[in-house]
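Just the one chain here, laid out as structure tokens, in the form predicted alone.
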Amino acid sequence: MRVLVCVKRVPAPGAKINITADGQAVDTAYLAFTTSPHEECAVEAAVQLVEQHGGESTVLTLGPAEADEQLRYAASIGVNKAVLLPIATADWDPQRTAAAITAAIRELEAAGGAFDIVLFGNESADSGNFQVGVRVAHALARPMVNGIKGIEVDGAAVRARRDSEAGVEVYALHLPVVLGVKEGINLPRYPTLKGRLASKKVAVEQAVPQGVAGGQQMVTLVQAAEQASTTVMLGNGPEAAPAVVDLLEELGILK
């Protein structure tokens, strides 16, 4: 089985995001970066599929040279090959990104055979466009289901499960397929020391990304309003007891 997983380098979840003065980019001076959480689970799913069915897995990203870090992290937990599509800018629009990834997949498949499963995260943690995986699947003329919380392969078919308001939806698809993995499908493993050392020796293949700009254009970034909270000291020692009682009564805990 050949599995490809596409990831994206994003600011670490929970980090404070600052915008540059011109409103055109995120200020990365003090930001740490990681792989999108959904895509971390997609990487784990790729490794598990190869462990269960044999074959090889490949991780691919379109991003800056620093995205080599995310590729090697994937390699440290068991992904076999890594491919970087380097770009100089911080990000590309979804249409251009999907076109570049589609072209790269076709080149990889021409050289090594078709991928049985191509995995994406449900959406990236930064822009959350939900578009790239769907656009790539459409361009490759392959079935695609997003929001996946379970994958079972049986011969030339795959059963993909996702949660819905009515319960659980199960899709039966013929390989090759494209799946958008949602966080919670698995618990991503931590890399071992052996895995980290091995990842340093992985040859990261680079290919020139091919894709023209799409119809979407970023106009400006707006800083989200910060939610501030205040802490009120009720007092120190026994003298705080009346204030505590009043607060409990106000909350309805004491009747």
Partner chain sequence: MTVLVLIEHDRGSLNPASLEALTAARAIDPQIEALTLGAAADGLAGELAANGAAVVHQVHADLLSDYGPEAWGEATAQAVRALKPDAVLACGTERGNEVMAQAAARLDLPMVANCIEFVPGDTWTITRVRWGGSLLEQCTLSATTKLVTVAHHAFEATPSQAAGTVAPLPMTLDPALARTVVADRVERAAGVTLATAPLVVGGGRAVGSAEAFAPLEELAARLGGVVGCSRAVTNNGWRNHTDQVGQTGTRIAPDLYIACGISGAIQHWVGAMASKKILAINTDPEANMVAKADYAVIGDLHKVVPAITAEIIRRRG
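Residue numbers count along the first chain shown, from 1. Note that this is a predicted model, so its numbers are computed, not measured.
Beyond the structure shown, there is the form predicted in complex with its partner chain, which is absent from this document and is the topic of what follows.
Student: Of the listed stretches (60 to 68, 198 to 206, 34 to 42, 47 to 55), which one has a non-hydrogen atom within 4.5 Å of its partner chain in the predicted complex?
Tutor: Contact-bearing stretch, as computed: 34 to 42.
Student: Is the gap between Ala104 and its partner chain in the predicted complex 4.5 Å or less for some heavy atom pair?
Tutor: Although its partner chain is absent here, Ala104 would stay clear of it in the predicted complex, with no heavy atoms inside 4.5 Å.
Student: Give a yes/no on whether Pro143 approaches its partner chain to within 4.5 Å in the predicted complex, heavy atoms considered.
Tutor: Result yes; Pro143 sits at the interface with its partner chain in the predicted complex.
Student: I'd like to check something about Ser76: if you look in the predicted complex, is any of its heavy atoms closer than or equal to 4.5 Å to a heavy atom of its partner chain?
Tutor: It does not: once its partner chain is placed as it appears in the predicted complex, Ser76 has no heavy atom within 4.5 Å of it.
Student: Would you please decide whether Ala100 lies within 4.5 angstroms of its partner chain in the predicted complex, comparing each non-hydrogen atom pair?
Tutor: Close contact is absent here: in the predicted complex, Ala100 is far from its partner chain, nothing within 4.5 Å, heavy atoms only.
Student: Just give me the residues of 129 to 162, first to last, that have a heavy atom within 4.5 Å of its partner chain in the predicted complex.
Tutor: Asn129, Phe130, Gln131, Val134, Arg135, His138, Ala141, Arg142, Pro143, Met144, Val145, Asn146, Gly147, Lys149, Arg159, Arg162, in sequence order.
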